[in-house]
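Only one chain is given next, in C-alpha cells, and it is the form predicted alone.
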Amino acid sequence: MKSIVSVLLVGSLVCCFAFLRSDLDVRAEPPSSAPVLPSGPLGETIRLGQELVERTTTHPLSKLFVGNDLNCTSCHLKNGTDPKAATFLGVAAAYPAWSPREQRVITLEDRILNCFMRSCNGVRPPLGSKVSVAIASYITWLSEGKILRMNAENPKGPNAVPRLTVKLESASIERGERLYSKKCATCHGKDGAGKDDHPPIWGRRSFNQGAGLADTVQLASWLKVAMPLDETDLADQEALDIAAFVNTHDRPAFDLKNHLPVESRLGEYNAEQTR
C-alpha cells in the first residue's frame, strides 16, 4: 500500500505555524484548486502553514512539538488538498464546534493542537503561537468561500471521511495480515516501521493510542478513501481487516498529562506588546 503519509493530522485532525524565516522556502506553489493567496504577512503565514503541514517533523518551528515520524500530510494527504483523505477543504467552516472528546466547544486551532498530542505523539504547541496560527491560517485559506456551518455535535468538516458501516466483529486479523503483506508492506515495511518517505503505521514512531486512527473502524474508513495512494481499491471488508491487523500491534500509550506543556506555555499573547 502506498504511504499512510506523505496526515492530521489534527490534525490532526490536525497541526503547526510562524512568520517568514530565512530558512523557510516559501516559493512552493499553492494547490491549483485553492483560492488566490493574499498578499503581505497573511499570505506569507499561509505559505508557512503549508510548509509546516508538509514538513512537520523536520521544520525548525514544529519539530520540537512532534514525538514520532508523522507529518500532518501523512494523514491529510497532499497537504490536506486530497478531496477525500481527511481533507482540509472546507474544514474551517465547521468551527467553533462541540467536541465530545474534550467535552467543550473547541476552535480550529484547538483541534490542530490536539493532533500534535495524539497523531504526532508530541507536546501541544502554545495556543496563539506561530505554529498554531500558521497552520490554522492555511486550513482557513483552503475553506475560503465556504458557508459557515458550526457543528453542535462533533468537530468534523463538511468533507469528513465517512465512517464505514462494517461491523468491527467481522474483522479478521488473519485476512488483514495477508492483505497487508500483499498491498502495504512494500511501502510501510513488514515491521510497520515505514520505508523512505512512507510513514510508520505502528510502533514507537507512529501515532499513539489517543489518536483517531487508533480506532479500528476509523482507520478502516481512512484506508478506504486513501490507500493505496492514488490507486484506492480496497473493499470495505478489506479495509477493516487491514486496520484490525495494524491495530493489533503496539503503539505509544496516551496519557494526556504527558503531552501538555507547562501551564505557562498553554497559550501566549500573539501581538506586539509595545502599543
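Owing to the predicted nature of the structure, the values given are computational and were not obtained by experimental measurement. In this text, residue numbers run from 1 along the sequence as written.
The same protein also exists as the form predicted in complex with a small molecule; that form is not shown, yet it is the one meant from here on.
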Task: Among the candidates 123, 171, 161, 164, the residue which, in the predicted bound form, approaches the small molecule to within 4.5 Å (heavy atoms) - done: 161
- [ ] Just give me the single entry in 190, 149, 175, 156 that has a non-hydrogen atom within 4.5 angstroms of the small molecule in the predicted bound form.
- [x] 156
TODO: May I ask you to state whether residue 108 is within 4.5 Å of the small molecule in the predicted bound form, using heavy atom distances?
DONE: yes
TODO: Decide whether residue 134 counts as a contact residue for the small molecule in the predicted bound form under a heavy atom distance cut-off of 4.5 Å.
DONE: no
Task: is_contact(residue 198, the small molecule) in the predicted bound form, heavy atom dist at most 4.5 Å - done: yes
Open item on the list: Given that the small molecule is not shown alongside this chain, does residue 218 nevertheless sit within 4.5 Å of it in the predicted bound form, heavy atom to heavy atom?
Closed with: yes
